[in-house]
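One chain is shown next in structure tokens, namely the form predicted alone.
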């Protein structure tokens, strides 16, 4: 069964774009097309374990999906018009796949969509990436990506599904190129899993890039992207060692670089240069790749030219990742101190807060400066943040290679001892735990406690909670002050001024924000809670304190202490699904059972499942994450704003 599942997953990664593209052209609805493709995938998981994997699994999936499309159209008024077309497609199932994929790409990148929606939808439909993989590529959350995809499908309803022509091609090309390169990067440096690379994704991105070059032969940036991907792909065999571990560029065996791909890259680069015009971001990155490819040995690399190219690239594309790469180039060209200064400037960038390559780069530069103790902490922190197993192991080895760890008290050990005290109640323990986990992630749990300074802590606070509400800031500040006093380092919280907490009324959500909220894809628990808070206008804590046995479903009300909580049809529709046959215990349950160290009172545990009552803090966090895309400030709304919006 495991092998079959892996086969299905591999086929899906390679063929999902063809499936969805072909079905979109037929049913004229990208959301329906994806559902049909997913139905075929489920059928494969059900049937292949017993019948065996077919000789041509992609054709099997397409045929199954199209038959389900026929079933769907038979139930609609479009049957007569589409039936003959589908019959022809069944006879010739794979003769137009290139056009289908290109049509799907340009549809996903349609101007009616916001940029982040275009990228997320194309990665999902064309690249076959999961929401978690896309989230990692964008340094955002999985829930936010799912919301973008759902909103994009809703927006695309009724949009013509045709290949753009003339000037429209250039208008949509930039976001298409960005998506293709992200697919390539996901294949070249997998963000999760055990393997460093996913060759199938690299090949898919190269195939799409070459197709785009045929579609837009006079666009220099298209050829620049193709050149960049060809040259980077040429190093694939040399990027990993015998055990799958990463091999850094300057340590790679250049004899293992693929000369054919390098020649293709040079050819594409020449084509881009022949077209003339100021170089764009992809042409500049391709020029950097050419510099590496032309060097016979690592020592021959022209780092000064590469640094100059990165200077130009930063002016065009000042993203945190490009700035981090520039720090590496400057470090090679002008010494590690210069590179470290540039890398340190990025410590305050929130986009890189949990990005493992920032501490990894700092570790390299610190090691070159002979600051091994600091480098060891940075490599260990990078390993903590890395999602890819091969990269994580590699980073831990880098930390160990810098020498034995002196027996000193570390931040991670001190935080664990502090939280293990028996005089903290469950709520305080959770609150302190959140604060100290962020400190350990930002500063490294191997960081010697004695090296920690108040400025370090203040820097973490500014990045993590700089724009948080005063109450949140003060809560984390209290945690640090308590920890500092316990550890004999009270000065750690000296730079954290207490913020004045406003008691002004928080404005409720507007009508359009509420309308969009009800379309957010979220678990039934969250959707029920949001509806109930809005319809009842009751406080968050009374609603979270409800038990199943308190409910009077017929009268649409529940007893909460001395008062009644009532609701309307929206909540009434969701409650049966949330209850799922439960007859007692907390109405809103946490995701899992509490651990031995965090036991809850019996009244807060489900007697059937052992799961605890959903906490206010967790419910608030989930709501903020779910509504970030709806909040113009990007912070997400509070549950208090939801119930106070009743009648808006």
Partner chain sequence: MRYLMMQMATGQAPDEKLFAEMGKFIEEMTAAGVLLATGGLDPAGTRVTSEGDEITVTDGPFTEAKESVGGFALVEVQSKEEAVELARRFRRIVGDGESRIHQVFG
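Take the two forms, superpose them, and find the largest set of C-alpha atoms that agree within 1.5 Å; that set is the rigid core. Residue numbers count along the first chain shown, from 1. Just so it is clear, the structure is predicted and the values come from calculations on it, not from any experiment.
Not on display, but discussed next: the form predicted in complex with its partner chain.
Participant: Is there a heavy atom of residue 43 lying 4.5 Å or less from a heavy atom of its partner chain in the predicted bound form?
Facilitator: Residue 43: no, not in contact with its partner chain in the predicted bound form.
Participant: Report whether the minimum heavy atom distance between residue 438 and its partner chain in the predicted bound form is within 4.5 Å.
Facilitator: Heavy-atom contact with its partner chain at 4.5 Å: absent for residue 438.
Participant: Even though its partner chain is not shown here, does residue 467 get within 4.5 Å of it in the predicted bound form, heavy atoms only?
Facilitator: The answer is no: residue 467 has no heavy atom within 4.5 Å of its partner chain.
Participant: Heavy atoms within 4.5 Å of its partner chain in the predicted bound form: does residue 211 have any?
Facilitator: Yes, residue 211 sits close enough to its partner chain in the predicted bound form that at least one of its heavy atoms falls within 4.5 Å.
Participant: Please determine, with the chain shown alone, which of 604-612, 580-588, 50-58, 27-35 has non-hydrogen atoms within 4.5 Å of its partner chain in the predicted bound form.
Facilitator: In short, 50-58.
Participant: In the predicted bound form, which of the listed residues (299, 510, 348, 260) lies with a heavy atom within 4.5 Å of its partner chain?
Facilitator: Flagged contact: 260.
Participant: With its partner chain left out of view, choose which of 413, 207, 72, 557 has a non-hydrogen atom within 4.5 angstroms of it in the predicted bound form.
Facilitator: Checking each option against its partner chain in the predicted bound form, the one that comes within 4.5 Å is 207.
Participant: For a quick check, can you give me the residues of 531-569 that have a heavy atom within 4.5 Å of its partner chain in the predicted bound form?
Facilitator: Result: empty, none.
Participant: Quick one: once the rigid core is lined up, does residue 128 have its C-alpha move by 2 Å or more between the shown form and the other one?
Facilitator: Moves: yes, 2 Å or greater.
Participant: Spell out whether the Cα of residue 330 moves at least 2 Å between the shown form and the other one when the two forms are superposed on their rigid core.
Facilitator: No, the C-alpha position differs by under 2 Å between the shown form and the other one.
Participant: Given a superposition on the rigid core, I'd like a yes or no on whether residue 105 shifts its C-alpha by 2 Å or more between the shown form and the other one.
Facilitator: Comparing the forms between the shown form and the other one, which are aligned on their rigid core, residue 105 does shift its C-alpha by 2 Å or more.
Participant: Quick one: with a 3 Å or larger change, is the residue 16 to residue 213 CA distance smaller or larger in the predicted bound form? Answer closer or farther.
Facilitator: Residues converge in the predicted bound form, at least 3 Å closer.
Participant: Taking the shown form as the reference, report whether the CA atoms of residue 212 and residue 13 lie closer or farther apart in the predicted bound form; the distance changes by 3 angstroms or more.
Facilitator: Closer in the predicted bound form, by 3 Å or more.
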